[in-house]
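Take a look at this single chain in structure tokens; it is the form predicted alone.
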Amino acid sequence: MIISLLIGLGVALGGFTFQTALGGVNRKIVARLQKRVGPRWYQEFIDIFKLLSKRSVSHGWIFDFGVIMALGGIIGTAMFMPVTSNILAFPSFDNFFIFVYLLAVGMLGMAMSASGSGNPLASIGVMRALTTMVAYEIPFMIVVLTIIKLAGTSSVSGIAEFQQMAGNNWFMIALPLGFVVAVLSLMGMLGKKPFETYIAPAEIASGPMVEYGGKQLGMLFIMHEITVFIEVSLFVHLFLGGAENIWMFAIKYFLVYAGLNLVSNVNGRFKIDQVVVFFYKWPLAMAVVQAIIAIYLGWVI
């Protein structure tokens, strides 16, 4: 049990370090594409450590506890994440639905804390975030349930191993419509344009984050980086066949994250009603069609 806990903490810490460094590298790439110099690749580490060294203003115990709950919930979720078939802290507990439940703890902590600040702009940001979440999660869950049906398991590592078996393709290839839906949903999860409406800095002063500063904002930055690591890692395992070694995992992770960042930076931003209508129109229809084709008709590439 102690060894499993240490491995889990190592995955969470390693995921935070890797994602934060990768985030800095992608900021540099985007800057070069826009003919700017851009920040140093390690600037995000400096920003986080600088925030953690500063004082912060409290708006009550709910505001403070929500931040701790959010960060703790996300770290706990990351501890269950498989990196490869050999790097897995809790082999019997990498069930996809465990990740769904544990991720909700972090998100609810964030929502509780932001609402407890008393700032109406933070409450508007929380409502927008929850509305966006409901919009993209339904088509995404339909696609994942289709994958679970085809793979015969809800274990994340089990789904990855199923795709690596002889005669099986990655679900990116086997379920092309589902893959498109998953990419769009992942952009919504990561808050990438055109689905970053809940942040919308020009409209609601950075949304849920408006009242945060100092240590609390630093903790939320850490939470954000680990959340991104969890969501992109799930995508790699569910649709790209996972990874047999850590280097292949890093390459697939980088390609997914960098690709979404490049797409995000050439898009505008939807209004909140446009986000909901879009996901309930095209991705939802594509997810249902893919499920019918794969499960009832048995047409899988």
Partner chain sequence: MANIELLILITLSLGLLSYVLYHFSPRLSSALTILGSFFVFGSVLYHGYIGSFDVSSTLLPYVSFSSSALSIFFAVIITFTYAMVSLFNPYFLKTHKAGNVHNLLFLSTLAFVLGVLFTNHFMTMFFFFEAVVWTSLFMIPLKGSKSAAIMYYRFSAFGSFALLGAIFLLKANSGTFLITESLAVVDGAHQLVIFILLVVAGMAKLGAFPFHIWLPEVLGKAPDHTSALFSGGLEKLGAFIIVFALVRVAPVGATFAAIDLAWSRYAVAILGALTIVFGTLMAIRQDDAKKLLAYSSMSNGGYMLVAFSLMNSISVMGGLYHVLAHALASVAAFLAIAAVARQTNTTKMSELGGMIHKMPITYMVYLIAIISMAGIPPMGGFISKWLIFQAVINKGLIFVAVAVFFGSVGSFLYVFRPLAALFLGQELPQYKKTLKEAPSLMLLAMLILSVLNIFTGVFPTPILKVINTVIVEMGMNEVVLTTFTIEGFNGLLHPGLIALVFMVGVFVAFVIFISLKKSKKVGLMDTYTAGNFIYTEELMHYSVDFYAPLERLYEKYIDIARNVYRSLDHKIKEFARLIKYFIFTYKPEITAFWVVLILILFLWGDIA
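Positions refer to the first chain, counted from 1. These numbers come from a predicted model, not from an experiment.
The next section is about a form of this same protein that is not shown, the form predicted together with its partner chain.
This chain is displayed without its partner chain, yet in the predicted bound form the stretch 91 to 99 from 185 to 193, 165 to 173, 227 to 235, 91 to 99 comes within 4.5 Å of it by heavy atoms. Shown here without its partner, the chain carries Val25, Met248 and Trp282, none of which come within 4.5 Å of its partner chain in the predicted bound form through any heavy atom.
In the predicted bound form, Lys252 stays away from its partner chain, with no heavy atom inside 4.5 Å. Shown alone here, Thr84 lies farther than 4.5 Å from its partner chain in the predicted bound form, counting heavy atoms only. In the predicted bound form, at least one heavy atom of Ile292 sits within 4.5 Å of its partner chain. In the predicted bound form, its partner chain sits within 4.5 Å of a heavy atom belonging to Met1.
For the partner-free chain shown, Ile68, Met69, Leu71, Gly72, Gly73, Ile75, Gly76, Met79, Phe80, Phe90, Ser92, Phe93 of 66 to 94 come within 4.5 angstroms of its partner chain in the predicted bound form, judged by any non-hydrogen atom.
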